[in-house]
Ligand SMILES: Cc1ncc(COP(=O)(O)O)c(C=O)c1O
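Heads up, the chain below is alone and in the form predicted on its own; it's given as structure tokens.
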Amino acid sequence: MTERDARRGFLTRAVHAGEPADPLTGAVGVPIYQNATFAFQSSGEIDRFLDGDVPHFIYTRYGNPTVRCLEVKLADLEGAEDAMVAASGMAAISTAVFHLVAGGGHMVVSDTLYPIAREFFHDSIGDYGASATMVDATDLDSVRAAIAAETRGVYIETVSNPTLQVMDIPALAEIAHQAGIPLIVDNTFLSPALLRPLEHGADIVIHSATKYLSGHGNLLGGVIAGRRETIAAMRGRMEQLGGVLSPQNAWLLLNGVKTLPLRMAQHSTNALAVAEVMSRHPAVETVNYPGLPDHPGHARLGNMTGRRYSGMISLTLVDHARSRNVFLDALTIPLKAVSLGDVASLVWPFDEDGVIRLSVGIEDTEDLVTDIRRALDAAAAWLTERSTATVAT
């Protein structure tokens, strides 16, 4: 990022960073370079490239113009020296972790994670000669106690999926740095429009770009951002593992990211309005949303994000075993689907404990509030009817 670019606002950078007009045609916006291989003009050009004197694309697994423009944009938005993209969020996570634990290292990991990431650390990392200790990352003493001589990093989510615990990034960064290891932060739930973990002491930032960065549910992708030498080393491992992002998906992401700050503002506005309704409704047993004043992480997250809390809510209903499906089936706007961060609201029954995860979209606030209140009313009425019927018999 140039000094001039650093003075520009986030909205301007979201639109323009990494995207000059195409030098060949003048096209506005980066073209899709849907190519596997790239030709050289002469043997001398090949020699200069191999000597490191002249940059050149050679094969899309090693780099692609469309993909590189996306990486430049994302590095700019994260405030990172460099960034690399991957075929999915899990490709980004596994590449970063495999790089860190190469040779049999150990990770300290939050015990509240995206389920497949949790499975990776809990069930699979041992298959690769490494190990992980899962701890309550909101308990700083537990994190300190879990760090050992062979520990290569501390891994957390900024806001945990789906429990919405808020992590103390500066404190965790200090603990990690005292041990001489990096703090790795999955910032999928917030995106750089709301929080840039590197500014608060993190060393590596990861995203499932499938979610808020894309915003439209039309691709899979992942991101790793950090120091230039770290990204270069991880890029070499990615080239070996092969989990690269396609040019088509990179182009879709370039377009999705341009509206990221506008979308995140509406996600945050809508989610707060919905969470407030849920917090007062008799059908709701618990609601987790950091934007609510009684959430344990409310002040901490608000201080880092300018009091914007993104669009993720989790809740449980009263007598959830009986009321959950009534609530879900009464909804007419949120789609019953996995994933999150789309412009459309998505709702999913998350586990056997009755947790429902709601990814609040960018629809009209009043429409969402009305629809969710109506569904909660339906759940409450159904429970009342069942209770009355039980008493009557």
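Values in this document were obtained by computation on a predicted structure and should not be read as measured data. Start at 1 and count along the sequence shown; that's the residue number.
Absent from the display: the form predicted in complex with the named molecule. The rest refers to it.
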The named molecule is absent from this chain, but in the predicted bound form, do Gly18, Glu71 and Ser214 each have a non-hydrogen atom within 4.5 Å of it? no
Look at the stretches 226 to 234, 279 to 287, 123 to 131, 85 to 93 and give the one with heavy atoms within 4.5 Å of the named molecule in the predicted bound form. 85 to 93
Let me know the one among Asn161, Ser191, Asn270, Ser110 whose heavy atoms come within 4.5 Å of the named molecule in the predicted bound form, would you? Asn161
Which listed residue (Val67, Leu368, Leu340, Val30) meets the criterion of a heavy atom within 4.5 Å of the named molecule in the predicted bound form? Leu340
At the 4.5 Å heavy atom threshold, is Gly221 in contact with the named molecule in the predicted bound form? yes
Though only this chain appears here, would Tyr114 touch the named molecule in the predicted bound form if you measure heavy atom gaps against 4.5 Å? yes
Is Asp76 close enough to touch the named molecule in the predicted bound form, meaning at least one heavy atom pair within 4.5 Å? no
Residue-level contact is defined here as any heavy atom of the residue lying within 4.5 Å of the named molecule in the predicted bound form; does Ser323 satisfy this criterion? no
Across 124 to 154, the residues having a non-hydrogen atom within 4.5 Å of the named molecule in the predicted bound form turn out to be none
